[in-house]
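First, one chain by itself in structure tokens, the form predicted on its own.
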């Protein structure tokens, strides 16, 4: 998926989260592509991605509709991911991380630092962050020594806004969104620090809190939601 395709996914995710496209509303490729000012191909790909994330569901042979979900559904799905990722981080800290794994985690830490180093956020940065964030989380879960945890997270990711890379960024408030990603970056670095020191309980707590950054931190930064 190209960066432009990811941008369409991000924009649609935001519109659904804001209620612009309401639960039960049918979405057509032509209408949405005209509204977003893009071709039908990235919209078609975005529909499939958002179906996998649980935001859309099939309506007939070719159409899609916005899935009905409540705020409580979203909160529970995010909390479940936090618990599962926290368990993965605790197991990883207790078993110890190899030099190779340490180096891989450091790659994503450095990419986060580089992204935020300029002191502000551009819309295209959202896709870069989403990608590095996905790799960071997958590296921890995939290295925990338990495929059961990964399988459980994969199932949970089919619920709305549950996946780690289901990020919603307000393009009209990029200054405050930048502050949110700064906090997320600090949390990534704290998690890696805890893993390096073998602090299982601390790593678990940090990952559980980190899951809420997209859902709760916006309130503190004047982003709403």
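None of the values given here were measured: they were computed from a predicted structure. Rigid core here is just the name for the largest C-alpha set that superposes within 1.5 Å across the two forms. Residue numbers count along the first chain shown, from 1.
Below, we turn to the form predicted in complex with a further copy of the same chain, even though it does not appear here.
A heavy atom within 4.5 Å of a further copy of the same chain in the model of the complex is found for exactly one of 119, 103, 147, 96: 147. Checking 174, 59, 45, 38 against a further copy of the same chain in the model of the complex, a heavy atom within 4.5 Å turns up for just one residue: 45.
Stretch-level contact check against a further copy of the same chain in the model of the complex with heavy atoms at 4.5 Å: of 190-198, 30-38, 177-185, 49-57, the positive one is 49-57.
Of the heavy atoms in residue 91, some are within 4.5 Å of a further copy of the same chain in the model of the complex. In the model of the complex, a further copy of the same chain sits within 4.5 Å of a heavy atom of residue 84. At least one heavy atom of residue 155 is located within 4.5 Å of a further copy of the same chain in the model of the complex. a further copy of the same chain is not drawn, but in the model of the complex it has a heavy atom within 4.5 Å of residue 76. Fitting the two forms on the rigid core leaves the C-alpha of residue 49 displaced by at least 2 angstroms between the shown form and the other one. When two forms of a protein are overlaid on their rigid core, residues whose CA moves 2 Å or more are considered shifted, and residue 13 is one of them between the shown form and the other one. Panel note: the distance between the CA atoms of residue 54 and residue 131 is larger in the model of the complex than in this form, the difference being 3 Å or more.
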